[in-house]
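This document starts with one chain, in the form predicted alone, laid out as C-alpha cells.
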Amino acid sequence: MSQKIVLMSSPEYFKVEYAINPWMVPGTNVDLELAKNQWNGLKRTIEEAGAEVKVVPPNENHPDLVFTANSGIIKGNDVLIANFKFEERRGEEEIYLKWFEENEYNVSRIPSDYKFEGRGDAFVYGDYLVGSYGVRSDKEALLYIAEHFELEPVIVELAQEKFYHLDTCFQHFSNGHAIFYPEAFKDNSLSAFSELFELIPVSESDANELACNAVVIEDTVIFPSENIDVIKAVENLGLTSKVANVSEFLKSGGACQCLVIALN
C-alpha cells in the first residue's frame, strides 16, 4: 500500500476578518501563536498516523488559504479547482492552481457559473462522486464533475447554513462506516448515502464540536476535540482515535478535515 499524502497550508496569516459562514464574527481575536501550535499538532498527528504532509505556502492576502480542503477535487492525477462562492476566497483559486500545476497534476476548471468548494463538498469514492450542494456548492457543479471524471453522482442537499459543507457534517472511514449529523441534511436519514456507507448519527453537541470534520488516515481518525461522544463508537469499530485540538480554527467554522486534502 502506498503512503498516504495530504496537502496543508500553514497559518501564518490566519485571522477572522470577514463573515462568510455563521461561525465567523469579523474581528474575533485569533491567538495566532496558539493557532500555529494547533496546526503543527495536527500535522504531527497526521504524520504519526503514517501520512506524508505537503504544504502550500501561506499568503498574507488570503487568511482562509489554510483550509486546503476547499482547493478542489482530485481523481488520480487530475484536479478540478474550486470556484468559490464568496469574493473573499476567490484569489485562492489561482494559488492552488499554480501549486497543482507545479506538482505535475493535470489541472482543469469547471464552468465559472457553477460554484464549487472542493473536498469541502465532494470526494471521489470508488466509481462514485459523493457530494453535497445547496449552501456553498451548486448541484450543477457536482453533476459536471461526475461527468468529467466519469463517476456516478451520489449527492445530497444540505439544510443548514451552519453546516455549510459536507465535511462539516459527514465523514467516512476506511472500514465503510461513516458518521453524520442528521439535521444538517434535507433528508435526515441521509438515505442516498446508505447504500455506500454504514451510517452512524452524531448528536447536536458533537456536531457543534465539528466531530464530523475529522481527518482519516487509514485506520486512524483524528478528531478536533476530546469532548466528542461519538469517539467511543468509532473506537468500538476497531479504529484508532486521536485528538488534535484546533479550537482557534473553529472560529472560522473549520476543524481538522477543513485543514487537509488527501492527494491520493
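The first residue of the shown sequence is 1; numbering continues from there. Being a predicted model, the structure only gives us computed values, none of them experimental.
This next part talks about the form predicted in complex with arginine (ARG), which is not shown.
Of the residues given (100, 193, 164, 181), 164 alone sits with a heavy atom within 4.5 Å of arginine (ARG) in the predicted complex. Heavy atoms within 4.5 Å of arginine (ARG) in the predicted complex are found in one stretch of 171-179, 68-76, 123-131, 148-156, which is 68-76. For the marked spot (64, 89 and 252), a heavy atom within 4.5 Å of arginine (ARG) in the predicted complex is present in each of the three residues. In the predicted complex, at least one heavy atom of residue 20 sits within 4.5 Å of a heavy atom of arginine (ARG). At the 4.5 Å threshold, heavy atoms of residue 261 stay clear of arginine (ARG) in the predicted complex, well away from it.
Residue 24 belongs to the set of residues with a heavy atom inside 4.5 Å of arginine (ARG) in the predicted complex.
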